[in-house]
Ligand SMILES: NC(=O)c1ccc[n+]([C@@H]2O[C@H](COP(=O)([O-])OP(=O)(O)OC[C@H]3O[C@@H](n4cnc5c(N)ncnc54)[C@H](O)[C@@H]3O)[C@@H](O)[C@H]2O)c1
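Quick setup: one chain, the form predicted alone, written in structure tokens, and binding and motion questions come after.
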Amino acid sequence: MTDLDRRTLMTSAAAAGFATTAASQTQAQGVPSAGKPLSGRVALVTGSGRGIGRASAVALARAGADVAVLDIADPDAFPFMPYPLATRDDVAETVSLVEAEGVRALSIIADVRDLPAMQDAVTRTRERFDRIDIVHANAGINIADDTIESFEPDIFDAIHAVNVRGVANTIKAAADALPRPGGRIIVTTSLAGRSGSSSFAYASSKWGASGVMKAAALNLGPKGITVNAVAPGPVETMMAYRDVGGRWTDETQAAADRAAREGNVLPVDQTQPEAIGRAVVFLAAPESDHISGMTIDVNAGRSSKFLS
């Protein structure tokens, strides 16, 4: 187990406070919940082998939802990546963490770039759990050297294929299966897709994902399905800090924490993935039924620097 894995597991308990509060509010409104706001619901989370996706899957499970854990689980899928993607062992670990919350889990290995594969993933989720209520379109990739000077069309297209088309595929695959009303779709965008950024391929892809979210909210709103986004700032994941070999070291973590503190408004280091998971649970819960087409910034106060 890496230092980051230990830190993630140690901080995951922080999500319990939000789930307990949300459950109390749900019960106060007379909504049957068996003590948890998402009891009886089923969620599908893409890119949930580790990082934000894993934290989201665990948070949804803690709130009572059964969870389909989906990931490409292929460290060699993108040769240009500066860090390895999740493995099948990582997916199995997420499944174990979900099941430890007392709910059911399903492991799905699929590529969000493949629409038929995503449609099959939704079918498998419904076959296993008899329904699907919540989709977190989270899968995304990034590269280290992402400037105009380093522009490579094939790499640019690959990043957009995952971060934009992958989101669209996920929404398309799930839209007809979600309850009407009551379906929930949450997209992971980014601080880079909310403000100016020099990340040429990544930032443009996250702006694209935000556009997909807005369009989906307009398309699906009349059917009673909400579509929203969470936009993280610097989050402590494999994507955020690594050396050239894609490894975590004390030096890379210290550098990433220092960079986060310099940009954050709140006096904190990198955001933990569990903070994103708590925002996802809020957007999936009954209390958010009148919220759609919006983005929740989870960026340690950096959004206070936005123009509006």
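All residue numbers refer to positions in the sequence shown, first residue = 1. Note that the structure is a prediction, hence the values are computed from the model and not measured.
The next section is about a form of this same protein that is not shown, the form predicted together with the ligand.
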item: Contact stretch among 96 to 104, 149 to 157, 125 to 133, 67 to 75 - heavy atom within 4.5 Å of the ligand in the predicted complex; value: 67 to 75
item: Partner contact for R113 in the predicted complex: the ligand, 4.5 angstroms, heavy atom; value: yes
item: Contact of I52 with the ligand in the predicted complex (heavy atom, 4.5 Å); value: yes
item: Heavy atom of G47 within 4.5 Å of the ligand in the predicted complex; value: yes
item: Heavy atom of M238 within 4.5 Å of the ligand in the predicted complex; value: yes
item: Residues in 169 to 207 close to the ligand in the predicted complex, defined by a heavy atom within 4.5 Å, in order; value: T188, T189, S190, Y202, K206
